[in-house]
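As a starting point, one isolated chain is supplied in structure tokens, in the form predicted on its own.
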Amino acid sequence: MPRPPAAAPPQPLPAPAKVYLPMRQHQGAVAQPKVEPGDKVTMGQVIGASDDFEAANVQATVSGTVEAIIEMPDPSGGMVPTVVIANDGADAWSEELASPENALASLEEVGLTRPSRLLKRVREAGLVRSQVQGRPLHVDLSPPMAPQSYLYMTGIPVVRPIDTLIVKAVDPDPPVCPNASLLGEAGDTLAVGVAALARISGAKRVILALPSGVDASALSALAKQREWETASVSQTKYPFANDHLMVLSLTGREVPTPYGEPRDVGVTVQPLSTALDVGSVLLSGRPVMERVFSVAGEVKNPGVFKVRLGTPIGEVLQAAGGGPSQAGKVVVGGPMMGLAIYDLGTPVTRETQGVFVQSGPKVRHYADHPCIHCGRCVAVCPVNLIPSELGKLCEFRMYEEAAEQNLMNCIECGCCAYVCPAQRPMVHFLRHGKTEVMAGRMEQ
């Protein structure tokens, strides 16, 4: 399977002639445009914002002129208001960001700055956890409340503390591998980013989850210097980088299912690239303008690039030498858990980390064959479900019956669909079933 060179650092790409900046680049609420067509903008200028807690600010990533505000597909396929900016090529920063006053001068300042002030800077910068359908980082770092049942009984919200931060330097869906290209980034930016994530979340214990079998000596040395722990994660058995499974293997804590999150057991898990984003924002005083973006699969030159946010994915594929002659599928995120896009004009956003490209003949076409009861899906399910039975229940719209058999525990890793000899669209059945269960319960 063609993949980028393992240890190659990201190659910078020039900014495009136009950037397309969706008003939502994460899971959550949509920001409102703060500019109009014809407005002049500078880099870092806020062009989208909202008072909704689950929305993130959107900044211009080039200087130039707002050409239009249109509806465009985001990486999840939904239509989102998008600001189109014609690049003037000057890369001029806004006045207040030309010489930012709130930049940290050193790592020591992280410990002297109140967590609330650090979190405020993260929110102002509009940072998003680097994964498809990731959440705004300020939402991800906010401590969880007590279980809803307790809140309903007492009316008293109780904050449950986070004591452990796991920085994940392994890539969840190879061969899309942005983190692998960042293993040498062990300087002040990463040190500040990790220290700030720990201070904001309240974590006293920091674990760097490093991939086994590759050179991560720079990160190991940094961890030793900062008295952080390291853990070697084997990349031989997918889905090795699933958050829930990683929390269990590294801390011994089991994330409650079906609706639990790592922070419910006092843990926050953040990708290596997100930690670098935090460090960059705090040290520079400026929002992040680029995304480390991996291109893998059937392109001429697979690689990892530094791409200006808002660049159309089609332009990044051209930089990688172009796709196959017989069009197939372009998947944002990775071959197992990613989302196929239908428009190469879809832009690179804060939640995207890469794409996987397939030619037409290699695209697997699902069929409407019945289950043949071979049991292969049961053997590979990492959370011990019976996907064959769940698939049949969801296929025949027996959603609540599927929920009673732990449908909501499915982590949508794609293993069942990968091994199914009948080529049943297992993930689609289960994902649709979960959506129907959630919709039905919200109406009650």
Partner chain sequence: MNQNLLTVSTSPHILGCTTLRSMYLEMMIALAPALITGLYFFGAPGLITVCLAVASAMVTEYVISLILKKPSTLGNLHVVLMGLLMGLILPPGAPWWLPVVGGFLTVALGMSIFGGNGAYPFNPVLVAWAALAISWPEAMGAYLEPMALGSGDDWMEAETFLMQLKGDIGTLEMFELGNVWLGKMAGGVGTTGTWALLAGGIYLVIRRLIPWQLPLGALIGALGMGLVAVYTDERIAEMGYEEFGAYLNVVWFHLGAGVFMIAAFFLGPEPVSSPVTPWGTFLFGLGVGLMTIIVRFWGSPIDGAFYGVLLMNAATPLLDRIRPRVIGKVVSGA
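Quick caveat, the model's predicted, so the values are computed rather than measured. Positions refer to the first chain, counted from 1.
Keep in mind the form predicted together with its partner chain is missing from the figure; the text below concerns it.
Trainee: If contact means a heavy atom within 4.5 Å, which one of 204 to 212, 248 to 256, 284 to 292, 299 to 307 is the stretch that engages its partner chain in the model of the complex?
Mentor: Looking at the partner contacts, the answer comes out as 248 to 256.
Trainee: Thinking of G77, R129 and D188 as one candidate spot, does its partner chain come within 4.5 Å of a heavy atom in every one of them in the model of the complex?
Mentor: Spot residues vs its partner chain: no contact at all.
Trainee: At 4.5 Å between heavy atoms, is V331 in contact with its partner chain in the model of the complex?
Mentor: Within the cut-off, so yes.
Trainee: How about E67: is it within 4.5 Å of its partner chain in the model of the complex, going by heavy atoms?
Mentor: No.
Trainee: For P335, is any heavy atom within 4.5 Å of its partner chain in the model of the complex, or not?
Mentor: Because a heavy atom of P335 falls inside 4.5 Å of its partner chain in the model of the complex, the answer is yes.
Trainee: Is it the case that H369, even though its partner is missing from this view, gets within 4.5 Å of its partner chain in the model of the complex, heavy atoms only?
Mentor: H369: yes, in contact with its partner chain in the model of the complex.
Trainee: Only one of R364, R199, R226, K120 comes within 4.5 Å of its partner chain in the model of the complex by heavy atoms, so just point that one out.
Mentor: Only one listed residue qualifies here, and that residue is R364.
Trainee: Output the sequence-ordered list of residues from 404 to 428 with at least one heavy atom within 4.5 Å of its partner chain in the model of the complex.
Mentor: Q405, N406, N409, G414, A417, Y418, C420, P421, A422, Q423, V427, H428, in sequence order.
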